[in-house]
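Only one chain is shown below, in structure tokens, and it's the form predicted on its own.
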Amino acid sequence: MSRTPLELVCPAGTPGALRAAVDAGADVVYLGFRDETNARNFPGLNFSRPELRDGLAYAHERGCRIYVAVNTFATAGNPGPWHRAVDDAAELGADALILADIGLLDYARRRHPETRRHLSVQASASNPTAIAYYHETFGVQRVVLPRVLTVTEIARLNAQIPVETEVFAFGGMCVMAEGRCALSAYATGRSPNMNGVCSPASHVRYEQGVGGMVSRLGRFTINEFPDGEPAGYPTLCKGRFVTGGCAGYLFEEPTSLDASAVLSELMAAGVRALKIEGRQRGRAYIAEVVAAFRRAVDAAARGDPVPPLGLGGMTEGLRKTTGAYTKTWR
């Protein structure tokens, strides 16, 4: 069994979260600029150019790397914001660019060949042919795999490809083609993969109804919560709908991915890095989750049992799943 330590790739939506992740033991922090070029384009989040420069200095002084996500798809006829994001991230000294758009991959390869290029999960590349194309054509050195593969499938894939793989280890489960959700775009007019916003806050409403709370996204009712039940954020893939006279979560009940139970298996499968989801989370969440996974990754690298993470209170719906890794996720 391989004992190469898994690289711990951790989220940051603010400079404070970046410092929290670095201090808690992240090997890498990933982040994006404060615009539509990244897939977490929410008000109050992300980084200006000066903030990225300062964050790079803070991380590099402590042996941590920074990956910049430019992982939405450029608007036809207006690639300027995306080109500037690639240029600025590379020129400021980012350790890698996380990209999905083939035009941006080509641009980065030509303009900044010395900067590592990683393939975003937004590209949904999950077979040897697709991954080989990105590697051979654009010099991609790592691919972030979609959350739909079992550990066995990942091992088989790694045996056939010439690049590193990174998989999700903890956080939200994006089931709508890994962030490219047509339902959210239909409901709000703003596309996750073009504008970087899933269920944007500007379209969210909570209304007190008779006997409970109603959550809406645009003109659509996403969920109804009886009095006493916590009212979750109205994300379409976690919405409760009535079909055939029965109310239920049609796509997936609120739950969080937690791959800590299969870290040794992922190492043996040849995975290089673990990604924690959560660039929209606060500093306290980041610090606790990163520190817990730091302990888990170090234990797995030593060949020791992975200790309980104690993150139950951090999960969505207070539930966790190993997702497709063990085929228990429907």
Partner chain sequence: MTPAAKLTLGPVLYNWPAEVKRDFYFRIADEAAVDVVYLGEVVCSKRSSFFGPYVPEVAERLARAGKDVVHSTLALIMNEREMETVRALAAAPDLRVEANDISGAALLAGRPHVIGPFVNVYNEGTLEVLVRGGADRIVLPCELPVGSLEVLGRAAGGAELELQVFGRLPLALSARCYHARAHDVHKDGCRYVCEEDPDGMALETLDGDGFLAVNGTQTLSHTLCCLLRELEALRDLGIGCFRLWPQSVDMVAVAGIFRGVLDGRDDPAEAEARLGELVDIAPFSNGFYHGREGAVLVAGGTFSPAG
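Each form is matched to the other, and the largest set of C-alpha atoms that superpose within 1.5 Å is called the rigid core. Numbering follows the first chain given and starts at 1. Computed from a predicted structure; not experimentally measured.
Another form exists, predicted in complex with its partner chain; not displayed. Remarks below refer to it.
Can any non-hydrogen atom of Ala76 be found within 4.5 angstroms of its partner chain in the predicted complex? Yes, contact at 4.5 Å.
With a cut-off of 4.5 Å between heavy atoms, is Phe168 one of the residues that contacts its partner chain in the predicted complex? Contact check for Phe168: no, nothing within 4.5 Å of its partner chain in the predicted complex.
Report yes if any heavy atom of Leu145 sits within 4.5 Å of a heavy atom of its partner chain in the predicted complex; otherwise report no. Taking the distances in the predicted complex, the answer for Leu145 is no, it never comes within 4.5 Å of its partner chain.
Contact label in the predicted complex: Asp101 to its partner chain, heavy atom within 4.5 Å: Yes, contact at 4.5 Å.
Can you tell me which residues in 131-165 come within 4.5 angstroms of its partner chain in the predicted complex, by heavy atoms? Residues within 4.5 Å: Tyr133, Tyr134, Phe138, Val148, Leu149, Glu153, Gln160.
Threshold 2 Å Cα movement between this form and the one not shown for Pro226, core superposed: It does, since the Pro226 C-alpha is displaced 2 Å or more between this form and the one not shown after the core fit.
With both forms fitted on the core, give yes or no for whether the Cα of Ser202 moves by 2 angstroms or more between this form and the one not shown. Shift at Ser202: below 2 Å after core fit.
Against the rigid core, is the Cα displacement of Thr243 between this form and the one not shown at least 2 Å? Yes, because once the rigid core is superposed, the C-alpha of Thr243 moves 2 Å or more between this form and the one not shown.
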